[in-house]
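Heads up, the chain below is alone and in the form predicted alone; it's given as structure tokens.
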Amino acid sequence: MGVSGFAYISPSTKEETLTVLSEAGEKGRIVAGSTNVLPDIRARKIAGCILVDISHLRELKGIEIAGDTVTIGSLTTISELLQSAVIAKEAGVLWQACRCFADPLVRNRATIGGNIANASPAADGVVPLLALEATVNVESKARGKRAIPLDEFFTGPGKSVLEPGELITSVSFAKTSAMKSAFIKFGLRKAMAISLASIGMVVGFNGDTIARVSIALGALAPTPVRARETEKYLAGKKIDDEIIARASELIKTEVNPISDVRASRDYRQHLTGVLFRRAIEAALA
């Protein structure tokens, strides 16, 4: 063990990384942008770990399109997503979320894989990916490759189905250039604010009728969630003021927020309806 009880290893390839993680077991802690791990170390929330630095692994970086599928390497930074014409065109809800993500210094370091792995209910990168119905691709020596639907990935605050030794390699989803989208985040400050509530929405139309809609919510339950009942209600309907008003009430029943120092449960529940209305109006605009 090194300074302060931590060991540090920097594998040179993905295969070497998988071997190191397999041997480290539950002590292995992957680091890349370190925007979450370093604060936790300073706060002494974690100790005695083997830090496995994967920040330089080129094979886990970049954005690719194959047919109708977009795949983002887990080490792709939020800044790189924001600068990508592919993301702006094919995943507008994610591109909008990246604009709201922390500040430029953090965006330059934070990776999309790290944002997923941290499993925060308020993760700004996860909500749009949930609305995109993304799949998380993981690998390990023990289990090989797994493709996990993002809506099955999270099990609680800071918890996921990732097992010791597993590495997130990429996240993939279908193109949405033919659809409309919106992401709205509500925080107590304009910058560097943890969400009180957030919403990501992707809507496809057949004429003036909703053919498909996907709605994801952040910071409103123990995990990011899909608003399934509201999606069902909206499918096949023509949008008008009455439909929006009813959906704004329905979506409040799909969340399970907490009360804390930043906002009460009732306020967050009210905010859910407000954000839904803003999001669908923004998508239509």
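Note that residue numbering follows the sequence shown and begins at 1. Everything numeric in this text was worked out from a predicted model, so none of it was measured.
Same protein, other form: the form predicted in complex with a small molecule, not shown, and the subject of what follows.
Residue heavy atoms within 4.5 Å of the small molecule in the predicted bound form occur in exactly one stretch of 171-179, 142-150, 211-219, 99-107, and that stretch is 99-107. Although the partner is absent here, Ile239 lies well away from the small molecule in the predicted bound form, with no heavy atom inside 4.5 Å.
The small molecule is not shown here, but in the predicted bound form it comes within 4.5 Å of a heavy atom of Thr111. The small molecule in the predicted bound form comes within 4.5 Å of a heavy atom belonging to Glu166. Mapping the unseen interface onto this chain, Thr71 falls outside it, with no heavy atom inside 4.5 Å of the small molecule in the predicted bound form. Only one of Leu196, Ile87, Leu162, Val203 lies close to the small molecule in the predicted bound form, with a heavy atom inside 4.5 Å, and it is Leu162.
Contact with the small molecule in the predicted bound form, defined as a heavy atom within 4.5 Å, holds for exactly one of Arg226, Lys252, Lys61, Arg29, namely Arg29.
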